[in-house]
Each structure stands twice: as structure tokens, then as C-alpha cells.
Ligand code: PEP
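What follows is a single chain, given as C-alpha cells, in the form predicted alone.
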């Protein structure tokens, strides 16, 4: 990309054109000041009053969010309210005031920075999202104690503008005037951050994770921002602005078509039924999966139950969560991925020395089987929830058959214990394997014999097959799930499951991309688990294509030499059924090739 282009993550679809308003929303500079012993308790009272006032303000924001975005979206403020009710944290601030005679704002800042540094050190994406919520609360409390208005940053925006910030919290997002703020750009944040969820619900285009945005974008700079592709164009020409507006009209036309298929079945034009489930990382995503008519949950991640906590969740807490998710999708399965623990994703009491290569180290099912006190509690919770909903268990990072055998034995033992204890629970639950390693793919026929289902995690399968760290920017062009080697493993798993009469699905990112979903159908997968926002687009694509044509394209893709050749083949085949411009504005058909060559 040229110097005028910035790239990030599209977290809320839509185009925005307007001048930049650069917002510096951060912890204020707090002067170091001590108070006489006689004023210490006054500072404690000031702290408590500020926390009460900020809590009341956050509750008002929550009510506003409920009115503007909905009940489920408003629940994202629960986390901020819980922070303001955290007795342990607030007591530590009070202790600092009393022991060091600090002002309330300085003591709060000190403890807030301590928490920020601890959470940042984990490197966890989930915890990073929560850090934005914490920072928003800390800023409000400190600004209140210093008699400054935290929301003054939005004053003076009187024309349609694009807001640029280091990070954007949900408290700021919900206050945006949609008439004047037409887009959001943030250096920090992910698709699952609370601000991203609210921006999507409010219909505000947003691009997060834009490195260098604050340095590169001067106040008043004219911008074209694409929340679908995750791009920002600086100083656009009149022609580029016109093209952006044309693309936005096309996106809206597609959005109307997607809205029309939400309640329709996912059936190909030649009558093959495809089951579309949702991937759920956090409780916030349940509403989107349900609203987009997901047929259950194909991947329920459980790590959020641990991240940011000093102790493991109780059996009762896990049971209640699993039951709530299961009852949100009556008549459909909820596939719980057992803890993918390891490295930073372990509570402090369970952490070990850092490993030189954690991706190949002590994680996932290895941790669970080595620490059965962790695993058995989760298994019991799943069995109890399964008495009220269709709950399945899925084991991550399997490389050996005995890992499945040992897991099945634990499920059987805990079911028997629950019966003896007189606790209502299912007699068993389906136990499946998450195929994420070449070892599991090669053993797929044997795993299918001893498992109830197989589900492919394409992100890790690609990483381990190609020996490429998917987080290494220098190797980004080598990380390609369409590499022929990965496709052959995908085909191997689908064939093994079919031969054993067991269901097979894909729950990795490939299932959420229309082009890849087309390929997976061709490889023989009839169940896809999709990121909730992508469900309508994938369903729309399924309803446009022929499974027979997908199979023909997949056969040719399996013979390809490179990932680029695979993508060319898929685009040619898919172009017969859909307008690629609707799916990917940057898609280009290879020169000199015709889609007719793939007709069935």
C-alpha cells in the first residue's frame, strides 16, 4: 500500500468519508502530592464518593446503550460496574492513601497502572480487550477526582467527522452522535472488544488495530475509511471519494440481500443442506449468533472464564454458563471446547516457568490431563448442563489416541460420581476431537473410530502444517490456509469422518470466509461453524452455489501447486454463481482464464 493507506481490522462494516477529529483519551497526568495525616480520611471519603458518582454515570451509559443498541449490548457495561464494585482493588487504593498519605487521585492512578502493567504482560488478546474497559473506568474516576470532565473530548464535533483515537472504550462509543461521528479509527482494539460490538450495533463504521494512526493522521485530514476491508485512505481525491461512495451503495445492496436470507435455510442450489453454527468467544457474542439464526454453537471457547481472574471458576458458575448458552439454542448442540490453557492462559496459582516455545509446549488437553482437578470440574459442569441442553465436549490440540481415551474415562467417572451424589446430570455427553495438528489429521480415521465427531481448527492446523507462526509479521505471506498441503489434510479428515459415519465440521476462520466456505463444501464438509457477524454472508453464499460445482473446484484445488493457484481456481468457480465484487471488492479474476472451464 502507498503512504496514503493505513491498514487495520474492519470491526464494523461501512464506508465513512470526513475530516479527522483526533481524540487523546488517556489517563491524565496526576501530580505527586501528599496530604497531612489529618486529611487522610478525607481523601478516602473523596475516593469513595468519586467511585459512587462514576458508577452512577456508567449505569446511565448502560441505560443509554440499552435504548440505542439493545439489552444484550448494554450488558457489556456490567464489566465496568463490577470493576467499580471490586472491594479488593478499592481497599488496596485506600490502603495506599492511608500508608503513604497520597491524594485519592494519585493512589488510584498508582494502582490502576499496576493492574494495567500486570494485564498487559500476559499478552492475552481477551485480557487486552478488558483492559480497555478498565482504562475507561480509571480515566473517569481520576478525571472526576481532579474536577475535570472526561467526556469533554466529544465537544466541538459539529460536522460529519471520523474520530481517531489511541483506543476507544464502550463508554465513549455509546455517547457518539451518529449524525456527526460517521466513523471510528483506533490504534488498539479487536473484533471482540466491547467498543467494536457497540459500534457494530449502532451502525458506525469502524476500523481498529490501525498501527501509527495517531502519528500519521493530523486533525482535519480528509479520510476515506472502509470498515469492511479495514482500510483508511488519507487525502483522497474526488474520484476516490466517488468510488468509495459507490462501494458503500453496493455494500448496502448486499446487506439488504443478506437480511432477506437470515430466516432462510442454508441449502445449495442443488439441494445440499449445510448446517451453520456460531463460534462464540465471549457471552457478548451469543446475541449476534442467535439473531443470525446460528444452528447452535460449533465452538464455545471457555478461556474467558479464567482470563483476568486470580482463581478458577467454580463448578456452579461453569454449569450456569453452559446451561445458559445451551438454552439459548434449543434443539441445537452447543460444542464446548475444553480449556485451551497454557502460558498466559492459566490463573496465577497454576502458572509455570515461561516456555521457550509455548505453541509446542504444555497447553490445551495436555494441561487438562496433567491437572485433572481443573479438568474434572469442567467436565462435571458440562454433564450437569447437559441435563438441560444439548451439550457436546471437544478436546483441543489432540495428537494421540490415548488423550481421547483418557478424556472419555474422566467423563464416565464424573457422570457416575454425580449420580452417586444425587446431582442432576446427563449420563454422558458426545466427546469429539478438534483437529488442529497434522498428527490428528493423519490419525483422523483412528480418531473417528473412538470419537463422536471431528471438527477442524484451520488456524492452528495451518500453522503447524506449514511450520509458520501465524503471529509473525515477517512470515505473514507464508501463512496460507489454502496451501495445497493444508487442503489435503482437510480432505483426509472429511473422508475419514464420512467413512466412520461420524459428523465432521470446520470451526476455524476459513469457515467464516465465503470463498473458503465454498471450498470446504467441495471438500465434503456439511457443517461449518462461523463467526457470528459472518453468518448471513456465508448463508447467502451457500444459497447461491452448487455443491457439485464446489466439489469440482475442490478436486482441481487439490491438484494445484500453490495457494495462489488454489485461490484463482476458487474465484473462477465462484464467479459463475455470484458477483465477486459483492464478496470482495479487491477480488480479481486471473487474466486469460474463464469460469466456464469449471462448469459441471
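Residue numbers count along the first chain shown, from 1. Worth saying up front: this structure is predicted, and the values here are computed from it rather than measured.
Just so you know, the form predicted together with ligand PEP exists too; it's not on screen, but the next bit is about it.
Exercise. So, in the model of the complex, is residue 380 in contact with ligand PEP at a 4.5 angstroms heavy atom limit?
Worked result: No, residue 380 is distant from the partner.
Exercise. Does ligand PEP get within 4.5 angstroms of any non-hydrogen atom of residue 196 in the model of the complex?
Worked result: Although ligand PEP is absent here, residue 196 would stay clear of it in the model of the complex, with no heavy atoms inside 4.5 Å.
Exercise. With the cut-off set at 4.5 Å between non-hydrogen atoms, does residue 106 touch ligand PEP in the model of the complex?
Worked result: It does not: once ligand PEP is placed as it appears in the model of the complex, residue 106 has no heavy atom within 4.5 Å of it.
Exercise. Looking in the model of the complex, any heavy atom of residue 458 within 4.5 Å of ligand PEP?
Worked result: The answer is yes: residue 458 has a heavy atom within 4.5 Å of ligand PEP.
Exercise. Where does ligand PEP sit in the model of the complex: which of 285-293, 458-466, 159-167, 513-521, heavy atoms within 4.5 Å?
Worked result: Only one stretch passes the 4.5 Å heavy-atom test: 458-466.
For this session: Consider the chain as shown here, without its partner, and state which of 508, 278, 432, 326 has a heavy atom within 4.5 Å of ligand PEP in the model of the complex.
Result: By the 4.5 Å heavy-atom cutoff, the listed residue in contact is 508.
Exercise. Here the chain is shown alone; which of 184, 493, 299, 447 has a heavy atom within 4.5 Å of ligand PEP in the model of the complex?
Worked result: When ligand PEP is considered in the model of the complex, the option within 4.5 Å is 299.
Problem set entry | Partner contacts for 315-337, taking ligand PEP in the model of the complex and a 4.5 Å heavy atom cut-off | Stretch hits: a single one, 337.
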